[in-house]
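Next up: the same protein chain in two forms, each one alone, written as structure tokens (structure 1, then structure 2).
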Structure 1
């Protein structure tokens, strides 16, 4: 494992040591390392690139880490990962992709993740994206996430993309059964001429199902972002979407929240706000000794926490 790979592992998956539990590390289209446990098995697919992650019922307080590293130019990666979470499980899943590209050829990673969540489960899923290297070379990340949340289960999803990704298109679809809960938090920072697109489509089929989507984004320089959400309430349910964006210079953000109620007991709410950094906040921090650039950076860091 080279030094670039080690550095990316720390930045993408926040792993200073190989975690206790199951993990699968992929670099430039090839498996680099893998570990299974008695409760969690990772199996390579036979018909295409990707893995099946099988979590046995009643698995508690365990984790799975599946970082992906792309460290060469001119490489397009595509993987299909399926997660099968047994009933009554409580588990943390960390998936991250880092592209380190110092060449003049674009590199990309496309991950298609499908979650099959059983009954009475609690799953937290953290996904981090990072691009470093030549600022003039495209680093492309296009995650697709499909989620089936079983009865009485909670699926919490944190997605983070804080710079260096030239283009990203995130598509997330979910179906919720009775008393299922989906909690999504998104944080995105774009700079230069980066483009980021986010699409959330959630079907609330189940009785007393619930979804909350919170997006925080900052667009700087000439970057562009678009946020689209579509909540469909087909039963007694609750759905809430909140999208807050901050722009500076010549950046652009477009927010399109959509809600569709198909049941008289469906309660759906959306909120969207886009604006610039308050001059009053900047002035206040400058009186404490910070220059304008440092003050703006502090405000952005606080906004994206």
Structure 2
């Protein structure tokens, strides 16, 4: 493993070393390393590129790391990862993709993740996306995430785009069974002429199902972001979307809410606010001794933390 790969792995998956537990590290379309455990098995797909990650029922406090690195130009990576999480499991999944491209040919990663979550599970899924290298070359990331949250299960997803990704389109859809909970936090930073699109489609089928989406985006320079969410409540359920955007220079953010209640006991809320950094917040930090630029930086750092 060279230094660049190591560095990217650290940034997208917090890996300083070979991780504990199960893992699969993919670089430029090939498996670089893999480890299975008694409870978690990673199997290569036969019909297409990708893996099945099978977690046995009752697996507690275990983790799976499946980071992806693209470190060459002119490469379009497409991978299917399917997760099967057995009942009563409590696990952490760390994915994420780093693109390092110093060439003048674009590179991309299209990760299609499908989660089948059993009953009574607690799953935390973290994915970070990052692009580095030649500023003028496109680094493209299109994650597709399909989630089926089983009865009484909680699925928590943190999706973070750290910058340097020139184009991204993330499509996330979920279906919630009875008493299922989905918590999504999305943080996106775009600069230069980056374009980032997000689509959330959540079907609240289950009785007492619940979804909370928190989206925080910072768009700088001439970058553009769009956020679209569609919550459909078909039972007694609760859905809340909070979309906060900060723009500067000639950046642009569009937030499109859609909430559809098909049951009188569906309670759905969408909140959105877009604007420049609040003057009051800057003033407050200046009274503590920061100059204007540092104050702005702190506010953004905190916002995306």
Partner chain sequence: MIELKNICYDAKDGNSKEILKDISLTFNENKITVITGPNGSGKSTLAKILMGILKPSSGEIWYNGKNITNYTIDQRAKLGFSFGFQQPITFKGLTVKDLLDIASNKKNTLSVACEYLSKVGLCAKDYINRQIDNKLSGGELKRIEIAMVLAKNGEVNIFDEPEAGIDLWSFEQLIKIFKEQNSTSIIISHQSKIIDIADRVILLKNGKVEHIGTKEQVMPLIEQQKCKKLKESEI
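Residue numbers count along the first chain shown, from 1. Computed from a predicted structure; not experimentally measured. Here the rigid core means the biggest group of C-alpha atoms that line up within 1.5 Å when the two forms are laid on top of each other.
**Q** Deciding between structure 1 and structure 2, tell me which is the form predicted on its own.
**A** That would be structure 1.
**Q** Core-aligned, does residue 38 move its Cα 2 Å or more between the two structures?
**A** Shift at residue 38: below 2 Å after core fit.
**Q** Superposing on the rigid core, is the CA of residue 47 displaced by 2 Å or more between the two structures?
**A** No; that C-alpha moves by less than 2 Å between the two structures.
**Q** Does residue 249 move its CA by 2 angstroms or more between the two structures when the core is aligned?
**A** Comparing forms between the two structures, the residue 249 CA shifts below 2 Å.
**Q** Determine, in Å, the CA shift of residue 281 between the two structures after the rigid core is used for superposition.
**A** With the cores aligned, its C-alpha sits 3.4 Å away.
**Q** Report, in Å with one decimal, the C-alpha displacement of residue 291 between the two structures after core superposition.
**A** That residue's C-alpha is offset by 4.6 Å.
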